[in-house]
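For reference, the chain that follows is the form predicted alone, supplied as structure tokens.
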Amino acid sequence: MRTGRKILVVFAIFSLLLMLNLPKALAANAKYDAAGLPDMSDFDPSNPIIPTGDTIKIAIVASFSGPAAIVGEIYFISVQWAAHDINKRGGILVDGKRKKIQVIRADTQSKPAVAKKVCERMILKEHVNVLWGTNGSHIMKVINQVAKKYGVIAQCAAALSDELYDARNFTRYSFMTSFQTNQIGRAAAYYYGQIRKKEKKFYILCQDYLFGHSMAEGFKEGLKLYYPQAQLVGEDYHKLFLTDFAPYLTKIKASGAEVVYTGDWIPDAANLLVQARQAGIKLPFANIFLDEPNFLHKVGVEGTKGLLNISQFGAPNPLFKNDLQIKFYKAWNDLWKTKWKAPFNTYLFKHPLGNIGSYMFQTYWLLSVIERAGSLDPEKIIKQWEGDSYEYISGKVMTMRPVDHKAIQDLHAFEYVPPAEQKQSFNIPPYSYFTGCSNTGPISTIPAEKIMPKLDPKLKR
């Protein structure tokens, strides 16, 4: 108990020091203008309307080919939606001229060497104003290095590793608007130890590379802080793209675990859950990527019941709190139902929520910063973004910590329940997210002050 108290005291002091880097105002400096949403009926991700000429250029640096090509398309539809919205409002006034936003695909093929070349081509030949990325912290590291070399703004909207913004890798040209691995782990521990207060035995199973180990470390740190009574009954790491999880599932079964914590992403996430259910393991999985609806439908309602998803795009229930939120949702969902073609007509793109919603509104934040800076000058954008805060359509407020350019935010724990119980969250017809799988029911808030982004003490600014 003494050790636990010491840890809590140290963490409290550390959190206070971090809070000193927050802007004094609690209210957001800006918010998404939902009332101004234009007619989006001409939005088609397969045939996008992309302006050319004297524009604000955003390069989506991501995998648009190879085994992870769908990831690039997820990013594209999210960023292009935000760009299309702002373009139909007339664009953004910068440096005395009103300009529209041009979104450019920059295919990395998931290879660092290719990423470096394509980033340099985007800057030197396409003259882009922002490098937006990406799937893979190793690729994001390349993006940040190139952005620093040429003095171009980079936005980290999808890579999660804390080391990207440590003393060694930090660059003032890059801003991390996504959540981070250590933050995620502590959020999961806070949920189980301070909110749910039921299960006490946990098993960690993650992929055997930097991301997986970082996810695990964050959770272990969180258990010490927020759930010292908990017991870690097992910890394993597996190679990427594993097809046979039987050895790990046997150990989980014998461990007496009550919850499995994993950072696995598709296809590992799908194989892990499917094989666990086939092996008779009905334990809940605490996760961030076991939320892909096409895969969830294959597992079914019972197999997905009880999953616990830590989300960076959430708010307290119910989902819809006003008519403007409903209008925004239907603008997207109606097009999904009536117009879009493959790959954008699958369950994955049904809702402008989850990771898609997050990528979209991280982009809205970027565009808002540029608009309020009134310039494409990177120095003016940096000055505007450091310490800035922005409110999403959901009411969630994001704050940019000046010292290391990491986003401070509440996170939310989504408990998956059968369709009949999803009404507590999805409170308009048809009163469920999906009928073929379990999905969000109860939602718990993990306050930002309990999960402050990890700060490298060696970073001196």
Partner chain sequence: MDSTTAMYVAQGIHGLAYGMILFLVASGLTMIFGMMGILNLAHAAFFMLSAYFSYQALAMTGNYWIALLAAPLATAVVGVLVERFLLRKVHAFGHVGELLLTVGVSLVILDAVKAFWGTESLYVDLPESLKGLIHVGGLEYPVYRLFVIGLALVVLFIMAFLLYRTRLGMVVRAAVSDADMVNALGINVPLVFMLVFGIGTWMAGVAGVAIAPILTVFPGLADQMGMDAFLVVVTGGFGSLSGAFIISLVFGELSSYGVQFISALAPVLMFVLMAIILVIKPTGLFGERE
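All figures in this text were calculated on a predicted structure; none of them were measured in a lab. Residue numbers count along the first chain shown, from 1.
In what follows, reference is made to the form predicted together with its partner chain, a form of this protein that is not presented.
Visitor: Does every residue of K88, I104 and E126 put a non-hydrogen atom within 4.5 angstroms of its partner chain in the predicted complex?
Guide: Per the other structure, none of K88, I104 and E126 touch its partner chain.
Visitor: Which residue, D236, E199, E221, E163, has a heavy atom that falls within 4.5 Å of its partner chain in the predicted complex?
Guide: Looking at D236, E199, E221, E163 one by one, just D236 meets the 4.5 Å heavy-atom criterion.
Visitor: Scan S375, Q231, N333, T346 and let me know which has any heavy atom within 4.5 Å of its partner chain in the predicted complex.
Guide: Looking at the other structure, the residue within range turns out to be T346.
Visitor: So, in the predicted complex, is D244 in contact with its partner chain at a 4.5 angstroms heavy atom limit?
Guide: Yes, D244 lies within 4.5 Å of its partner chain in the predicted complex.
Visitor: Is it the case that F285, even though its partner is missing from this view, gets within 4.5 Å of its partner chain in the predicted complex, heavy atoms only?
Guide: Contact with its partner chain, no.
Visitor: Answer yes if any heavy atom of P67 is within 4.5 Å of a heavy atom of its partner chain in the predicted complex; otherwise answer no.
Guide: Yes, P67 lies within 4.5 Å of its partner chain in the predicted complex.
Visitor: Does the 4.5 Å heavy atom contact test between I266 and its partner chain in the predicted complex come out positive?
Guide: Close contact exists here: in the predicted complex, I266 approaches its partner chain to within 4.5 Å, heavy atoms only.
Visitor: Based on heavy atom distances of 4.5 Å or less, which listed stretch (269-277, 186-194, 320-328, 89-97) is in contact with its partner chain in the predicted complex?
Guide: The contacting stretch here is 269-277.
Visitor: Need the contact residues for 285-321: heavy atom within 4.5 Å of its partner chain in the predicted complex, sequence order, or none if there are none.
Guide: The stretch 285-321, when checked against its partner chain in the predicted complex, contributes E292, N294, F295, K298 at the 4.5 Å heavy-atom cut-off.
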